[in-house]
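Before any questions on binding or motion, here is one chain by itself as structure tokens, the form predicted on its own.
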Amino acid sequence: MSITILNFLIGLGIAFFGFVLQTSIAGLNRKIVGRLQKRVGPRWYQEFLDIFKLLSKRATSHGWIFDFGVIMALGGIIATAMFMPLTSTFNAFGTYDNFFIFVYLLAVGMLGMAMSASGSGNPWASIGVMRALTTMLAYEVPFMIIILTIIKIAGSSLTGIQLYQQAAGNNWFLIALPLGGIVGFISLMGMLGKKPFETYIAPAEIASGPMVEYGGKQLGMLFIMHEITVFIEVSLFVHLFLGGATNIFIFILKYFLVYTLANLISNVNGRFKIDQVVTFFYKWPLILAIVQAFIAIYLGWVI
């Protein structure tokens, strides 16, 4: 497949769509949680207003590494979102939606964020970065075992994985690999930084960790980065475990249900300590992932 300017424009459109979709759903979730807690809650579009207000303000710089890291983080995440298929028939770069592309490109954004936060010189930021990297190391091991199991069955293309699950006689991997689906969702909670895995933000403990020194335009850019990152992570779960989607409306529905469930679970949990996060992921999720891989690959038992 030859890549043209049109492919890049479609990719940028997907990234923009992801930002609008996630920011809107995050606003709706704030409203839902507010109602459940007998509050009115903010307006559903409040997150847009917060971001636009931040982008209109000045920002304090702590050096070129601090500033460049923010640009690198946002650019890396936008580049990652450009490769995300929205349905099994629509993506910007055709056969280039390989799962490992997302692994590599996501690392660019995360490293940019880590570099910028560390460049601020604030000890809370450095502690938050270390906690974030430790949490990533914890949830990625069981998650990758399940993903490699799925790749063994259906290939590494997200479109191919969707089409496999949509084929007659096949189930979603959430059903076909039930233990893997549980591990995938728990890992998603870790990726999203939802409680009980909110160790690297921990506002009451380390003053929001990596975010402590940001304000103005830089904080607004990081909010945009965060929303697009959440879009990527939730979309991956939808495509890998819920059969993807044949049209955009099904995709939005599945996306909304997955994110809302994760958010509701987060709001009824406390926060783990960082050592508890590592112990937890290297215990039950890792055991379940190994058992599921053995059952699916060596025994060939797929529901």
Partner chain sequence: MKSTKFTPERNISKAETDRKWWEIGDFFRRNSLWLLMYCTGCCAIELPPAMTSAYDMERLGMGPMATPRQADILLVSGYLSLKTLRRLIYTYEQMSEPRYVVALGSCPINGGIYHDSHAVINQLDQYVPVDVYVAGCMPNTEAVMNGFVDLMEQIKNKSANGWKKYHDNYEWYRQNQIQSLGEVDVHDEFHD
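Positions refer to the first chain, counted from 1. As the structure is a prediction and not an experimental result, all values here were calculated from the model.
Only in words, not in the display: the form predicted together with the partner chain, which the text now covers.
For the residues F223, W172, F102, F93, the 4.5 Å heavy atom test against the partner chain in the predicted complex is passed only by F223.
Heavy atoms within 4.5 Å of the partner chain in the predicted complex are found in exactly one of 228 to 236, 211 to 219, 162 to 170, 185 to 193, that being 211 to 219. The closest heavy atom approach of F68 to the partner chain in the predicted complex falls outside 4.5 Å.
Contact between H62 and the partner chain in the predicted complex is found at the 4.5 Å heavy atom cutoff.
Not displayed here, the partner chain is approached by V40 to within 4.5 Å at the level of heavy atoms in the predicted complex. In the predicted complex, K254 stays away from the partner chain, with no heavy atom inside 4.5 Å. Contact annotation for 19 to 57: residues with any non-hydrogen atom within 4.5 angstroms of the partner chain in the predicted complex are R30, Q37, K38, R39, V40, G41, P42, R43, Q46, L49, D50, F52, K53, L54, S56, K57, listed in sequence order.
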